[in-house]
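What follows is one chain in structure tokens, specifically the form predicted alone.
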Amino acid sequence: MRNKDLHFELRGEQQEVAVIRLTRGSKRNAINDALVLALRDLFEKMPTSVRAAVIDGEGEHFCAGLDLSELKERDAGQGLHHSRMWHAALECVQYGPVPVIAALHGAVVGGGLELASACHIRVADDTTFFALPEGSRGIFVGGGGSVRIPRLIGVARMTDMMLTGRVYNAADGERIGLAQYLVPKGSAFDKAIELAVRIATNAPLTNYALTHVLPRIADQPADQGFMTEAMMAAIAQSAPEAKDRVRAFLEGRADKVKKA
């Protein structure tokens, strides 16, 4: 699949890894409505062979945010529906069929950070910088950032970013939780692919539990979270693939955990 905004390809012997690349490099991959809708459609129609996905950006930047050239004068109702369109699209990323790894470089700004925060793992290279400039532009985040980003870095840090225009470099961004991995310039995509290949070997039901159930447990009161955990554990361990994997470990046919 390819259109003017998005490139899609499958990798691996069984086409188990999807590569999704924003292809508006001349616009620093700024997100327009067509790109939002293309992302939504892609994750809704992901091939069944795919077990993990990587989102990348063409050119020097991952994504510089909302394409302000398309920012229209909207009344309150139109603005509400536009924001909800973003919510629906990024919900398809976060709660879609597979784990998603973001390969970050250059600008991860505004809507670009909202997209990255909807992914499950973020790999930043040394060129990456993070910002939320909406505060200085008289607008507010509308793509789910007010929900997802504080869960990564806390309300106080997000408030600071929006009030002051603070920009985090790659190292500081990784330190506060905007990325889980920090790699040398130009290697974020390769690291993201490496992780995706590894994740694709997991039992699909376990990956589903980690991407769909774990974040919901985090939102529940402890007693409800414990019950949800117990039910998910029972479901996961009852799967035939899980039984085969445990049997392989007990029979010495599976690798043991080793010190990194």
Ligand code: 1HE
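Keep in mind that what you see is a predicted model, and the values were worked out from it rather than measured. Don't overthink the numbering: it's just position in the shown sequence, from 1.
Not on display, but discussed next: the form predicted together with this ligand.
(request) Run the contact test on S26, W86 and P133 with a 4.5 Å heavy atom cut-off to this ligand in the predicted bound form and return yes or no. (result) Yes, each of S26, W86 and P133 comes within 4.5 Å of this ligand in the predicted bound form.
(message) in the predicted bound form, is there a heavy atom of this ligand that lies within 4.5 Å of any heavy atom of A107, even though the partner is absent here?
(response) Judged by the heavy-atom cut-off of 4.5 Å, A107 is in contact with this ligand in the predicted bound form.
(request) Could you confirm whether T48 comes within 4.5 Å of this ligand in the predicted bound form, counting heavy atoms only? (result) T48: no contact with this ligand in the predicted bound form.
(request) Examine A234 and determine whether its closest non-hydrogen atom to this ligand in the predicted bound form is within 4.5 angstroms. (result) A234 lies outside the contact set for this ligand.
(message) Although the partner isn't part of this model, could you tell me whether F129 comes within 4.5 Å of this ligand in the predicted bound form, counting any heavy atom of the residue?
(response) Answer yes; at least one heavy atom of F129 falls within 4.5 Å of this ligand in the predicted bound form.
(message) Taking 4.5 angstroms as the heavy atom distance cut-off, pick the stretch from 137-145, 95-103, 174-182, 150-158 that is near this ligand in the predicted bound form.
(response) Partner-contacting stretch among the options: 137-145.
(message) Please identify the residue among I199, L66, L35, V54 with any heavy atom within 4.5 Å of this ligand in the predicted bound form.
(response) When this ligand is considered in the predicted bound form, the option within 4.5 Å is L66.
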